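Taking the form predicted on its own, here's one chain by itself in structure tokens.
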Amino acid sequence: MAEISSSLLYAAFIIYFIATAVFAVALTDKKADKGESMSKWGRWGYILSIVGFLSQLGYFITRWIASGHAPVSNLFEFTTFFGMMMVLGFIVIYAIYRLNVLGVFAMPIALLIIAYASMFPREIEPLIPALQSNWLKIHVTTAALGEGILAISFVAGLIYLIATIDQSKGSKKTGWLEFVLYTLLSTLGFILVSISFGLMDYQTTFEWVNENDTKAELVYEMPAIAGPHEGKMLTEGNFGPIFEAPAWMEGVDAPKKLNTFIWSLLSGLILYGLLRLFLRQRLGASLKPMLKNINTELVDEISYRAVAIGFPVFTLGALVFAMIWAQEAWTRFWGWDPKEVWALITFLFYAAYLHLRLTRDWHGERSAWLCVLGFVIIMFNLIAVNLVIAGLHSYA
């Protein structure tokens, strides 16, 4: 059953990739991208997206059967589910607006999220006692669904910014837009670097005192730029470390994760530099011509609608259900654990967005920037809070 599950996830990944290409072809249909009709290519892209989603849903169900519990208990499973919920959010939003350019951007970002998930351990493990509750599937799946829908607001906001920001000269806006595109490339870079060193079977072992004050060995699968604090390198002849991770980083295997994070930034920087050399202009300027026929008012409406749908779902899953489970597990509704704090920050941010949008008339560019920033908060909560900051939610 586990093999079937893996095959279905792989099939979904391939189908999503093909759907992206089909949506790109559909962009040539100017009439459809004005929201007037669904083109032939757009229809096929949408059908492929649904088929890919059903395949990934098959992965989810078969992995659930194989493991005996909801497959959202570690970073691989949660991040994969988050990518699936983003595709579901796209399917729902596309059914309403039928905007092909949304598929050109949403599907690759969902692919990046799923590929990023595959970099974490994928083995099926028994559920640890702390997660043996029905609230696992209720709280985590609802929170991921809300984040997946909110991610579509980021996609629409990014499209709006690329389409409207003046690229004829450098400015703070073009700089920040390039930074957003660079972070997406960093995710791609992380995947490429992980695959490359994985194919080389690269490993470096350190002896160190871990977060439980116990002497242990830590195995790096990438060259060590940041080594463990006061660690001793046991593998001879390998690269590094250049410096030690700060002692205050107390998450599970925090030095190794910091090292991975640094590699992501460096690989993204290299990819960005190579693309700039090849294109000889900013990435935003390169993408802008393909968006010249889109209806920016419609894109702005999509970003708002995605938040309007995703916000209550996220609130229910990440706050309400989370507090009920916290009361049951820890006899208190709220404890200021880092994950709880960032869930609250995410809630307050999108509440402020809706307030500014509805009462202060924050439409267009300002609304788009907020949607982009909201996704940054979600990804910080997913990556940094899970990987680096120690807390009651550090299960992976």
Partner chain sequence: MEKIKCECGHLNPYGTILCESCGKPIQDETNDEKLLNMRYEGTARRSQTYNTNFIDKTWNFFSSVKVGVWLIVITLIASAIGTIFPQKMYIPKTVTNVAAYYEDEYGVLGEIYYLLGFHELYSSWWFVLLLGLIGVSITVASIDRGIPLYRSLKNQRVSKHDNFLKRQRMFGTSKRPEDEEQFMDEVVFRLKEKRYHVRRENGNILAEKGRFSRWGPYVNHVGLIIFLLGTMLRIVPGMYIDEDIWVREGETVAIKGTDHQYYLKHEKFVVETYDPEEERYAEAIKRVGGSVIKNYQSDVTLYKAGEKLPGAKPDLTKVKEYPIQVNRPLQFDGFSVYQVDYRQEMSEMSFQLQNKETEKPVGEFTVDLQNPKDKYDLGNGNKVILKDYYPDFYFNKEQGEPATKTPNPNNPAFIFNMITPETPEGEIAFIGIRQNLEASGDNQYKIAFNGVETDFITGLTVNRDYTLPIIFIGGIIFMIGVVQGLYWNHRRIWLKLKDDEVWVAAHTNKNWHGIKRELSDVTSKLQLNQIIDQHDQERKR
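Throughout, rigid core stands for the largest set of C-alpha atoms superposing within 1.5 Å between the two forms. For clarity, every value in this text was computed on a predicted model and none was experimentally measured. Numbering follows the first chain given and starts at 1.
This next part talks about the form predicted in complex with its partner chain, which is not shown.
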Fill in the blank from the handout: Here the chain appears without its partner; judged in the predicted bound form, the stretch of 259-267, 214-222, 101-109, 121-129 with heavy atoms within 4.5 Å of its partner chain is 121-129
Completion exercise
its partner chain in the predicted bound form has a heavy atom of only one listed residue within 4.5 Å, and of 50, 70, 27, 66 that residue is 66
Exercise for the section: Only one of 138, 75, 115, 323 comes within 4.5 Å of its partner chain in the predicted bound form by heavy atoms, so just point that one out. Expected result: 323
Practice task
Using heavy atoms and a 4.5 Å cut-off, decide whether 154, 183 and 191 all contact its partner chain in the predicted bound form.
Solution key: no
Practice task
Tell me, yes or no, whether residue 57 is in contact with its partner chain in the predicted bound form, where a contact means a heavy atom of each within 4.5 Å.
Solution key: no
Exercise for the section: May I ask you to state whether residue 61 is within 4.5 Å of its partner chain in the predicted bound form, using heavy atom distances? Expected result: no
Problem - its partner chain contact at residue 44 in the predicted bound form, heavy atom, 4.5 Å - result: no
Exercise for the section: Would you check, heavy atoms only and a 4.5 Å threshold, whether residue 171 touches its partner chain in the predicted bound form? Expected result: no
Problem - Residues in 71-107 close to its partner chain in the predicted bound form, defined by a heavy atom within 4.5 Å, in order - result: 96, 97
Problem - Rigid core fit then residue 331 CA moved by 2 Å or more between this form and the one not shown - result: no
Handout entry: Threshold 2 Å Cα movement between this form and the one not shown at residue 355, rigid core reference
Key = no
Practice task
Tell me whether residue 348 and residue 360 end up closer or farther apart in the predicted bound form, going by their C-alpha atoms; the shift is 3 Å or more.
Solution key: farther
